[in-house]
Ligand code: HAS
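Taking the form predicted on its own, here's one chain by itself in structure tokens.
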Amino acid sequence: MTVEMKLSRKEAKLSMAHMWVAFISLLIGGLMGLLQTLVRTGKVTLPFGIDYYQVLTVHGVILALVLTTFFIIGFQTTLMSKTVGMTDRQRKLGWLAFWVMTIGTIITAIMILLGEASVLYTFYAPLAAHPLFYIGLTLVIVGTWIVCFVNFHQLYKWKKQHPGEKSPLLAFMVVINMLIWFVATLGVAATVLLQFIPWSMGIVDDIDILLSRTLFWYFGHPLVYFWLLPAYMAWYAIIPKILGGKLFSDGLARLSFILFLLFSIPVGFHHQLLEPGIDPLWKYIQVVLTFAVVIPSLLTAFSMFAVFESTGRAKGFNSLFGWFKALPWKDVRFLAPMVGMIAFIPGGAGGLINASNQLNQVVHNTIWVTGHFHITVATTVMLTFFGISYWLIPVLTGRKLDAKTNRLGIIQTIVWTVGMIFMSGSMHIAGLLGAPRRSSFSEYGGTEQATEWIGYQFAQAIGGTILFIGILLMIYTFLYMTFFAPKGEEEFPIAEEEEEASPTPAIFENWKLWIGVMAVLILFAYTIPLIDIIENAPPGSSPFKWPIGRG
């Protein structure tokens, strides 16, 4: 059994710094999202000359990149400290990474707010931003790389001190996630450093658009798993403890994370199914690899429901579904992640639709895709992150999760769920009716087709308003947990494994093997297509700045 280490106040302070940036980002990005839904009704105009695409860029970058990255690193820092420990030098490097990321975020945000980077979250060429926007993004990525190598060194040092022992599960999971992040960000770093910065500075005249998008999506889809895997960490290793049960299978948990490591990166082409210039054979291969990622998700679903049932039956609920009643529905640490798990069922099904070549033709450039994004990341991932926060923030601040926090959390979870049903549900329906994404236009001059979806855009505004209320509730609860909750020592819930569980195969700890297989799959999926894209590159494009004509 792995011995848990005590989380020092200095380590807690580092993690808490990340949480502050994450929750400030939640407030700013959420407000921008509310404004978008109001504009898309066709009845609201932004004041003071604020541009819709400026707001949309802030929303995407602040929520999808800043909030998630800072929360994940803050959470994973505590997991590593609790399971394998953190030296003073590692903590100092953690602070260096935090400030590099924060400075990069501030530079990027200033450029967006000045109207110099209305290029959206995907920053597709030929739309061009100010060079400082790309430099800021680069600093954020460099900061995360520092964290990657700190985490790698933490596990390496633990392994040297405990030869022949199985590494702590949560540390194993964190290293897998940071490996995915590091390898995936090589793509976006390449396009930013070698294409976007020289192009935006006028050092080169043109940019290869297809190559830039391909390198972005080499990063863009693994990013989804970087968001999702910390939620899986909580589901596998923390929720069972909250239930009063035990981890179903250490080996199965590790296998699912290894499968994510292998299959989450060579899948970017399923975002480019309508992109000309990529051989259909390679699109097909990456779609097949995309469907392989379904396997670890199904393993996770099996594992979680096995934990739910075994825990319920151990408490005496022996009827077919009686164990369902035994679940702690009034404990927000369980309720919020559980609603996230349930949302992942339709969210995962929508992902299969998006990755299917034929069905993708129908929904590709519609707001259906935005709805899918919100039901997976903004519901499954964020509700799990909120559920983590209700015990993690008290742990970091030396306070208790009291009845008031629990009650506020349950209300917030319900408000968030209702708001997302309205917003994401109406986005899916409007998308099937042809409503486009990435567009501030709603009524399209009163065209007949637009009348079919405009009502659903009003529903999105209703949902967005409810969600913003949920954000305000979450911010209030965060401040309460930080400053006003009763002082005390809150439990850091890490589950033990079932006694009769099968032993974990030693091969799961063979890092050279799995990193090698991952590299082979990536090289197989991308080498020939990238050579083809570069050799047969279309004419490059000069930069355009929004509003068009500024460049």
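Note that the structure is predicted; figures quoted are calculated from it, not measured. Each residue number is its position in the shown sequence, starting from 1.
The form predicted in complex with the ligand exists for this protein as well; it is not shown, and the discussion that follows is about that form.
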Looking at the ligand in the predicted complex, do all three of P436, Q457 and K545 come within 4.5 Å of it through at least one heavy atom? no
Quick check for you: of 387-395, 462-470, 224-232, 312-320, which stretch puts a non-hydrogen atom within 4.5 Å of the ligand in the predicted complex? 224-232
The single option of A237, V369, A184, I258 touching the ligand in the predicted complex, heavy atom within 4.5 Å: V369
Select from the listed residues F305, Y444, Y284, F149 the one whose heavy atoms reach within 4.5 Å of the ligand in the predicted complex. F305
Wondering, does A403 line up within 4.5 Å of the ligand in the predicted complex on heavy atoms? no
In the predicted complex, L352 touching the ligand (heavy atom, 4.5 Å): yes
Look up in the predicted complex whether F75 has a non-hydrogen atom within 4.5 angstroms of the ligand, and give yes or no. no
Hey, in the predicted complex, does F98 get a heavy atom within 4.5 angstroms of the ligand? no
Let me know which residues along 354-393 have a heavy atom within 4.5 Å of the ligand in the predicted complex, or say none if there are none. N354, A355, N360, H364, V369, H372, F373, T376, V377, V381
